[in-house]
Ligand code: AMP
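Below, in structure tokens: the form predicted alone, a single chain.
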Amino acid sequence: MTDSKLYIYNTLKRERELFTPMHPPFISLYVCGPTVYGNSHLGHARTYTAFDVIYRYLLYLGYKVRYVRNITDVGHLENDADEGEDKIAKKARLDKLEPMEIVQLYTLAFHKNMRQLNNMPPSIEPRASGHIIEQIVMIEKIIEHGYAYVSQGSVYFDVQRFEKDYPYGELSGRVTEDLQHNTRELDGQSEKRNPLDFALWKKAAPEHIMHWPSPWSEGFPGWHIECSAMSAKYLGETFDIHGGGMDLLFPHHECEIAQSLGANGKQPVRYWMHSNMLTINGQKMGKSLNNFITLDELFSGNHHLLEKAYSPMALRFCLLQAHYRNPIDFSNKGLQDAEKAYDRLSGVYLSLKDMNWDGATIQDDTEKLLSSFEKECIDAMNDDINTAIVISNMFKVSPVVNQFATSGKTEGVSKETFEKFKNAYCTFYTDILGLIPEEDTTQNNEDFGKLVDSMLEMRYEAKRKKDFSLADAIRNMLSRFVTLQDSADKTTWKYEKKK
């Protein structure tokens, strides 16, 4: 599959482009990671699940992928501004803990949530606090090239000077004149030459907990410089794909471009990819609106907006039903509809993975439908990672698989087509979409299976003796726990989550 071509959305040029790697195939991927001062929420699930699927698909195509996702543990100030308290330091002060205790606590919680969602870990997960030297060196280069200045112990990026050589705002489509007109005065603004200038290094106030020595002051790095420094260290001065949520498009990613150009004179990224935002019942998610839902709350049902608990896989399926660049509105109805749809596809997968070909005849419609499945799914993924179309294709073939399971015969399809289809379906379900069928432990419980088989024998004996009342009673009782499928000569069963 190494010669496959991947269409991905190039935000900078606002058009689709064909991207093929050099050989040997290698792709570098950087995704902005979380600021670890609180529990992971639905927005995190949206972004990191989207890029998990992108990572999985690149691996499926045969690429060697270096996937870097950072941890922000310093320099991210309140309201994403250049003034105010560090978000982690503020949490540490309120909880009376060391900042690195906060970092460790919420990093572990983030990793737990990512495992629950079946998101693969990145190749490298650097922390901003572990790369202070790299950030200082990059700032020194930006100053040397004339794109930054020192002011009262802090260092600011000079946007007006930068714009004499490079455009600023091209990624997000912002115009600096409009930005400057709409910029309000902030505390510390007097340190800057221009309201649009942003901090590369901040001198620490006496009460600031987290600070390091530098050529300019005892202080800490700005939020934007960390990603520029760490991506350059692990992926090079120019790398393939940079991802993150749409909320990072401006100012964070715009500042990253300016910093990298200012330090290295090169565009840092070939392709920018952004997952879109989500709303809750039509409103933007926020603590002030009392609709902020963490992943732990979603999985436990412990939130006033939730009618019930929702499983990690139901959430993952819900996210993948929409294209990663389309907005998503979360509601109980939407999640419950996704849950039902996911259960249906899980049943198809569980039936198919243990199914063997034993057909005899070939029907043109069935043969055509199953033989085209893999290509249609690949075409959808190549068209800017369109997981919604992949899921639609899975539903399209579901009636055929269910018919196979009910009849116990894979009629209408050749052995070659069936085996190719089965492999493609199972690969897309587990390896690319990253879904896991939620099977109750009783399905793999040997004693439970023996009990079901014994009761099916009792039912068969009752039917042989024409005691249909007893046979129906046994079926009704078993149907509370398993799904029975009767054919002419046998009854098969499988465990499915019952509502």
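Here the structure is a predicted model, which means the values were calculated and not measured. The first residue of the shown sequence is 1; numbering continues from there.
Only in words, not in the display: the form predicted together with the ligand, which the text now covers.
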May I ask whether 145, 157 and 222 each come within 4.5 Å of the ligand in the predicted bound form, counting any non-hydrogen atom? no
Contacting member of 435, 32, 53, 65, with respect to the ligand in the predicted bound form [4.5 Å, heavy atom]: 32
So which of 105, 150, 285, 204 reaches within 4.5 angstroms of the ligand in the predicted bound form, heavy atom to heavy atom? 285
Would you point out which of 118-126, 237-245, 389-397, 407-415 contains residues with a non-hydrogen atom within 4.5 Å of the ligand in the predicted bound form? 237-245
Just checking whether residue 459 would be counted as a contact of the ligand in the predicted bound form - the rule being heavy atoms within 4.5 angstroms. no
In the predicted bound form, does residue 43 have a heavy atom within 4.5 Å of the ligand? yes
Please run the contact check for residue 76 against the ligand in the predicted bound form: heavy atoms, 4.5 angstroms, yes or no? yes
Heavy atoms within 4.5 Å of the ligand in the predicted bound form: does residue 276 have any? yes
